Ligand SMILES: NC(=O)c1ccc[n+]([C@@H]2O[C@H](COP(=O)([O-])OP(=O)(O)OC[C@H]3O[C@@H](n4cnc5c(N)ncnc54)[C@H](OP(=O)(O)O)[C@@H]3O)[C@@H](O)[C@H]2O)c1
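Given as structure tokens, the chain that follows is alone and in the form predicted alone.
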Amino acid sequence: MKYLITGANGQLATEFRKSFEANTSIEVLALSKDKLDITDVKSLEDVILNFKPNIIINCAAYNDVDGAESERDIAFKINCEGPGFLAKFAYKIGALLVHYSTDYVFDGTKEDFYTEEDEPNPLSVYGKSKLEGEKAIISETDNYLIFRVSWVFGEGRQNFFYKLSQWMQKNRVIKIVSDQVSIPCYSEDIVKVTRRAIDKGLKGLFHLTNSGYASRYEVARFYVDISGKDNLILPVATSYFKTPAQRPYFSALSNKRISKILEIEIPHWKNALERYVKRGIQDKKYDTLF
């Protein structure tokens, strides 16, 4: 099997690369943006048609939720046009395309877990660009796996916990919003479920999250506790911070469908975060955090 991974320096791509290391029957080509820009049609076509992967895992994305409000064209180019190009060439060679979307395709007004049957209604440019990316893929191929995830964290500096750790080092008292509720998702668990879905020959759109739900405030408090720090975390409303992008109030996704089909139980976010912290300390991968 041959895998092409885009966005090779991101959290998910890093986890995929680690998960493939011990498997000698898999050939992996992992390319960062400077080696493969998914919005560059010619380069994309050359790489895909020459390497001829069986599976393409798209980890390239524009994830700056607030930045997208002023960089709409860039966000749509990376989150919508790029995935569409990938789907087009994947279809051409008969490859499966694996892609990651977001809970921000929903407006948060349901006041219950969102299922795959719920109608998206994104509030932000970022959310809209990710939704259009889903549509672009579906219009180009039927051989796809689209996973909606939320609040992804893992090895790297692009997640909430890295930022929180930096704030913890500089300030004892930290204010965190308490009216944004979703589910932290560990890259390790996302990769495990994704690989199981691929092995089972699954296709379609699914919600892939850890179990449970929490506000940013609750998550931050738990992180401080298990990190052994004494920072004081105070709850504030979203309106306390003047951010450009509007975020949903309750955007937690239901993972029941994927769990039932694959016959698995995806770990609770608290379990995932405990493993993340333990791994960070033992492996000294996140030495800037602790």
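Predicted, not measured: the structure shown is a model, and the values here were computed from it. Don't overthink the numbering: it's just position in the shown sequence, from 1.
The form predicted in complex with the ligand is left out here; the points below concern that form.
Of the candidate stretches 230-238, 258-266, 58-66, 244-252, only 58-66 has residues with heavy atoms within 4.5 Å of the ligand in the predicted bound form. Residue-level contacts in the predicted bound form: of 214, 164, 78, 146, one residue has a heavy atom within 4.5 Å of the ligand, and it is 78. The ligand in the predicted bound form comes within 4.5 Å of a heavy atom belonging to residue 152.
At the 4.5 Å threshold, heavy atoms of residue 37 reach the ligand in the predicted bound form.
By the criterion of a heavy atom within 4.5 Å, residue 186 is excluded from the residues contacting the ligand in the predicted bound form. Taking non-hydrogen atoms only, residue 158 approaches the ligand to within 4.5 angstroms in the predicted bound form. Of all the residues from 75-101, those having a non-hydrogen atom no more than 4.5 Å from the ligand in the predicted bound form are 78, 100, 101.
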